[in-house]
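Taking the form predicted alone, here's one chain by itself in structure tokens.
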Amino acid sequence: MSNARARASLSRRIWNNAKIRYSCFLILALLLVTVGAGLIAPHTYDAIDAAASYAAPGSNYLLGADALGRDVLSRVLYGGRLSLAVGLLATLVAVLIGVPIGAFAGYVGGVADWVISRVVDLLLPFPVILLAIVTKMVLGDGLLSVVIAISLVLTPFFARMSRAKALSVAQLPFIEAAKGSGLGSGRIMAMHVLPHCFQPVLIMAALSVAFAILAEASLSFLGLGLPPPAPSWGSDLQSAMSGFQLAPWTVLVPGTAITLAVLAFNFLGDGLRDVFDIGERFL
């Protein structure tokens, strides 16, 4: 009963947190309009109308058109699929790889901990742009290379965080009791160590999605994302820079979309940190 009351209390704290509540509404809205872009968008993302080049917002093009006469609203909606997919997939890959590795290093210790920690330290300073160039050379153009590049940047942070958490959990009395009861290291990690990493991992995952969205936009802006005409918030920004003074909506619309997505996931992470009362030590 006490566990049920604790879960109910946690649920109330989460729902009563304004940052979490409003950021979840915004994230859900972004997911709905981007996933449903095929039903909502007034045009296809690659429909070109030379006569409508830099057309101002109006009845035919609600948020205006770009240099090629493509509907800005449609491209932003379709481009959101890519940006949000990269953010979520890159974070998921980083969690699935980094958390078990870091928890294993912190719990086992010794040589394994030293080797894993040195590899993590080696990967931490690598810039995402350099990794994107390398993965693009190896894997070619495509969503996979972008996801791998960003996830390689995020993985060491999850590994370091889970290692720190595992080191603290390994000293607790119930771990010694679990060892005394005959449980193996694998079961102890799965049943006791990894669950204690859930809260800081959840917070870091929300913040990492925001970073991944911004990183994908940066890579696409530099031409390291998906090749045109694939819609992307970053590539739309890059193609619109030359005509910004003539048609500011071509920059403002995708820029606003990036800002809203990044702020939503950042506020979600901040709200979760407030609810779980986790300081900066594990983040």
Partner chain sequence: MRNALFLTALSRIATAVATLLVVAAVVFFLMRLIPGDPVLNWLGSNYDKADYDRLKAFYGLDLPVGQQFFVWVQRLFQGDLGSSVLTNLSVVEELLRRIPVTVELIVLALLVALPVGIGAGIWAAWRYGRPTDHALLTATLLGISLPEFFVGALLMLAFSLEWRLLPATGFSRFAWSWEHFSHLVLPALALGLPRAAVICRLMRGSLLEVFGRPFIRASLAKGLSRKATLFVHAVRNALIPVVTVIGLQIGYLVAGAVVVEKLFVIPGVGAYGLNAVFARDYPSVQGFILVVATIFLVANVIVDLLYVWLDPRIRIGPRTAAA
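Positions refer to the first chain, counted from 1. Note that the coordinates shown come from a computational prediction; the quantities given were computed from them, not determined experimentally.
The same protein also has a form predicted together with the partner chain, omitted here; what follows describes it.
Enquirer: Of the listed stretches (59 to 67, 254 to 262, 27 to 35, 43 to 51), which one has a non-hydrogen atom within 4.5 Å of the partner chain in the model of the complex?
Expert: Contact criterion met by 254 to 262 only.
Enquirer: Each of Val134, Ser218 and Leu224 within 4.5 Å of the partner chain in the model of the complex, by any heavy atom, yes or no?
Expert: Checking in the model of the complex: Val134, Ser218 and Leu224 are all within 4.5 Å of the partner chain.
Enquirer: Quick one: is Trp114 in contact with the partner chain in the model of the complex, heavy atoms, 4.5 Å cut-off?
Expert: Because no heavy atom of Trp114 falls inside 4.5 Å of the partner chain in the model of the complex, the answer is no.
Enquirer: Is there a non-hydrogen atom of Gly109 within 4.5 angstroms of a non-hydrogen atom of the partner chain in the model of the complex?
Expert: So Gly109 does not count as contacting the partner chain.
Enquirer: I'd like to know whether Leu144 contacts the partner chain in the model of the complex, with contact meaning heavy atoms within 4.5 angstroms.
Expert: Result no; Leu144 lies far from the partner chain in the model of the complex.
Enquirer: According to a 4.5 angstroms non-hydrogen atom cut-off, is Phe211 in contact with the partner chain in the model of the complex?
Expert: Looking in the model of the complex, residue contacts with the partner chain include Phe211, since a heavy atom lies within 4.5 Å.
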